[in-house]
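Only one chain is shown below, in structure tokens, and it's the form predicted alone.
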Amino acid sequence: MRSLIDIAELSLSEIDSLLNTANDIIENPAKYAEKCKGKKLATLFFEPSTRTRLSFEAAMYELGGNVLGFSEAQSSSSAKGESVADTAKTVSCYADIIAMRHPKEGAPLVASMNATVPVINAGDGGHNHPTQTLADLLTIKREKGGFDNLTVGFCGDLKFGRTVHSLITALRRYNNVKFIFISPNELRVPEYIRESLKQDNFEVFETTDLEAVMADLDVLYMTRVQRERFFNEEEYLRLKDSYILTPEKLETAKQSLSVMHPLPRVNEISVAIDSDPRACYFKQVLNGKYMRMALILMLLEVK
């Protein structure tokens, strides 16, 4: 039995296999319609979610399985003080696989150590979000054809952005990827990530000016400034609109640029960009469903 807590747990060949399965699901959906018949997914969401929770549910339904679970901590026994470990042991009695989102870093890992079924980390605090990374990788693969030799810009909240941390971890395993980090000084990517990239001889450039680097980018990964990660409301309000992507700011960008965002967006991307062919964020949403389907099949060892 195997769980997925961190994207680094997957080998490159396993990521390739998941990408291939997801592409096959896109091409041949009917082939997969009964693959998880009789199987149950439990979605344990202790933190609000729209895309991730519904994506997991849609993935399991499209594989012919069923779903049970809860969408907020208050509707679970954790409101009475039940531990994550006990919740995992209990839900293992009802379901074949668990997807868990939790505001505390490390909670899905604790669940995986106590569950008797596979556990998928659906986001833990500011730490990790491996299935969003799988969605991001499928989007980049389908838009760019591969991952080598790309210049990828990450813009916004790079300090608390778990989607950013997970995607950097995945992309650093490919060849000649250049990382450009665009953020306010208060929201810089954590030092341990920067130092680790430099030690492995990756080209890393930091700036507070998005427009200055726009022309260099193959992929622009926008993120929102996350109110729920701030202890100080004034600090959040000061930083929340640091970067707003508008059609004018894209004037110097490559026609082949892919604009991505893990969503939800607040003000970071103008709705005027939604009709631009370079906008990929709603493709990411759909790709997330296909990659979660592929992952469920892998962890349940369904051929």
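The first residue of the shown sequence is 1; numbering continues from there. Quick caveat, the model's predicted, so the values are computed rather than measured.
The discussion below concerns the form predicted in complex with a small molecule, not included here.
- The small molecule is not drawn, but in the predicted bound form it has a heavy atom within 4.5 Å of residue 263.
- Contact annotation for residue 48: at least one heavy atom lies within 4.5 Å of the small molecule in the predicted bound form.
- Residue contact check for residue 43: none of its heavy atoms lie within 4.5 Å of the small molecule in the predicted bound form.
- Looking at residue 258, you'd find every heavy atom of it more than 4.5 angstroms from the small molecule in the predicted bound form.
- Each of 101, 129 and 132 places at least one heavy atom within 4.5 Å of the small molecule in the predicted bound form.
- Exactly one of the stretches 51-59, 23-31, 246-254, 273-281 approaches the small molecule in the predicted bound form with heavy atoms within 4.5 Å, and it is 51-59.
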